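Each of two forms of one protein chain follows alone as structure tokens, named structure 1 and structure 2.
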Structure 1
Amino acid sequence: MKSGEPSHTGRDAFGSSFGVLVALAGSAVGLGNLWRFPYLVGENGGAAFILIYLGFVFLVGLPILLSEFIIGRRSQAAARGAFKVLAPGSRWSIAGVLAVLCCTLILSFYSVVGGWGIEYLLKALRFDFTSGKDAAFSTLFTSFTASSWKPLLCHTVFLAATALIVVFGVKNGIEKFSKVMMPVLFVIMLGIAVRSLTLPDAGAGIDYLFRPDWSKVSADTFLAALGQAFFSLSLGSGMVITYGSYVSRKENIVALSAKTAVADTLFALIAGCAIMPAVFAFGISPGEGPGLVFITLPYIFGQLPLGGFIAILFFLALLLAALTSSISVMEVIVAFCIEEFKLRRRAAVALCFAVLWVLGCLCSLSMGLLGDWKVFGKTIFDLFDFVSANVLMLVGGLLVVLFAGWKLGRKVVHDELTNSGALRIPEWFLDTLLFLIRYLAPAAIAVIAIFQWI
């Protein structure tokens, strides 16, 4: 096969356009949408931040997303195999290796956080949040994460649920799950948002989110918006490359990429409307990170009429958001094992489960029993988080745009965007996209890396 030519392997594939969209949206929509995005919006000028963020999504995030889509669909191969197909005999395949390593580290600690979601859903089902104080929930969260067996059990259940979906394949596993659960996830969050907006003083939360305050905008605001646009779309991790390899050549990848970016942003905004009005209604300062979800919100649920039922819906939504992301991460690793080691899907999933379970146990125990065991001053959990987000995703994203923009070049990019001539795109659109892929996206990634590493 010549470099740049598509392959036809008879691999598993998505069965419909809607299936592709919900799977891609599921990979982008995750726990970060629930706690990080609303916080960033409020702390960086509300609507001013949203406008800056949207600009970066479409000027930087979308070109990188399209680059990964092009590489995946063109090659009809997963992360490492894609580069081997499109640039045989070269060293470009290292980008695929980094993507697999990145996903391995991500799912190792992400499954631990997903396990926390299981524990808190069970607590909600027992109506444990119907009374109590914020300080009590803080102690509850700390004692739970620092204990040994319970977080390990939850991590195991979450990882097993992820593996169970992935083992059924792309069409019968990932697509079927996403088709049902993504709409359910959006409906649940919309319902919680409507309830939150009816609370007294909820307007303060809406002001916090959407009133443009340009006085809060600084260089850090632009950096935060750029980083959020990059990480929220799961760029540089091989997820889009792998999913793209399962997409038919009849699909319009420009439209799919744009819809994915819109769905991800829309969910983040809905999550903000669900969380921040309630936070402000009870006079609580919003905090960044899991504390908002696992400490502050349980306290709020205990003060709300029918708060016990809202808690159930919220933690169910959180668990679904975590699962839709985790299956896309595991699929990258599973696809790699299938292609590189010629394993059957069941064997590949079993191998991935075993490795991820061990690494996840180390991450979980680093919150307690192994808390003093640190590498470069970081616990295992924090180290995996830092290396995956601040090193591997950035390097992977940079290699992707350089490969798509310069190695594949204009002819291949045009061929993929037009489905070999079946679709038409204006020349100015192609020229603009190539400029963004070749110049702006690499520069943006370099800026993020510099500020993350110094």
Structure 2
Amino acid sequence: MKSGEPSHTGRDAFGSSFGVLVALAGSAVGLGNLWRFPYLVGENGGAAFILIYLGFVFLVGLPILLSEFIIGRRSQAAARGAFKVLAPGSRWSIAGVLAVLCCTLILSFYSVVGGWGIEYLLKALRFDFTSGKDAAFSTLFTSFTASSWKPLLCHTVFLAATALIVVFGVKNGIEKFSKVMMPVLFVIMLGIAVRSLTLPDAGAGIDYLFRPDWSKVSADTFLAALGQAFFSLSLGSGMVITYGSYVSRKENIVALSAKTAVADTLFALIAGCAIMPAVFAFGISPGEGPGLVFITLPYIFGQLPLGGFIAILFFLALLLAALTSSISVMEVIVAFCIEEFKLRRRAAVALCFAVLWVLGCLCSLSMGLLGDWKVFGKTIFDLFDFVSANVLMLVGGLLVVLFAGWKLGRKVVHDELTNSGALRIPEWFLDTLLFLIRYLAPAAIAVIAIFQWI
């Protein structure tokens, strides 16, 4: 079966190799790159964090990507079904259930932040960011997110847009949308990065991004970098298993995984180059935290020549990036519902929308009205973020590498990576990948998880 031909199982499938790549990169590149990465870089001291992050992406992220690909493509089934096909009658399918749970939590708060993106794009279109003091933007952000109905409305619109794309299926919805939007996103972000890098005082920001200061590194830097690698590459969430199940047996999954990791990293670095030089040029501290793109940037846009237009482009990019990711998260849950409950796609999307809408509303309200509802000292929003990104994704990642490396084993891994010998990949390279999958990735995840949870 070549990409473009219907899957032999009669399931929906990607239509072309480029389509698979943009869909995967679309899932990876999202709020993780444009919102989370810049503020984590800012909080963790810049270049040293970036280097540690890069190490994790290639030594831990890539083996997990490959393992998820192997599981999804070999089984041609969704997150839970994949384990049932490959290890019938075993308990491994719990890993699939955890992945679906993880995606449910992620999309609940992701849709709220995507909704903020809608509100900020509308503000940009009204040229609201052309003046004002830094503090005023901080008040604007906190009063908006803590208010009740407007963020809920924005969350509803964002989730509805996600559902609308997913309802059209893999080839006609997800792939088509990503094919058009990813190049647009790339051009916009590159344009903003060039503008920011050519600001008169851009030097300090560039230094911050590219000259490591190792004295700022602590155990927390490693935790934050690994968590970010997981979140940004969408690992341990069943996304690559699900998308992998729509990929033809002729695709080279080693090349696809490497290209996805490179594209995701490139976008993160471009986002860094778009934001940090401007932040430093205006003498602002980069450690603003999650409010960086919603508080600091609007202030900067107000100071820049033509900043009003740059603001429009930036928030448009943020929204597009968020949507190409949110559709992948929803697809994991929808594919699961279709397979497990034998629902039609439309019904599965409707069910998903309803559940996520309620959970998302709770996340949104936890920034204001429900701020006192706390579990383990965390608001609902923070709890969902923590449990998904810091617990379930790590557990999911650990389970997939153990499953691929040990349960499926060397022969299956070699078979999948070489398409049963059709691709010429040197034996030593395959063995190195297998080593990463079997030993290095599980060890790294286990060490980090233990540090994080104790």
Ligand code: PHE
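Please read these numbers as outputs of a predicted model, since none were measured by experiment. Take the two forms, superpose them, and find the largest set of C-alpha atoms that agree within 1.5 Å; that set is the rigid core. Sequence positions of structure 1, starting at 1, serve as the residue numbers.
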Structure identified as the form predicted alone: 1
Flag for Asn44, CA shift 2 Å or larger between structure 1 and structure 2 after aligning core: yes
Residue shift check between structure 1 and structure 2, rigid core fit, Gln76 Cα at least 2 Å: no
Per-residue C-alpha change between structure 1 and structure 2, Gly55, threshold 2 Å, rigid core fit: yes
Rigid-core-fitted C-alpha displacement of Trp35 between structure 1 and structure 2 (angstrom): 3.6
Core-fitted comparison between structure 1 and structure 2 - CA shift at Leu223, Å: 4.2
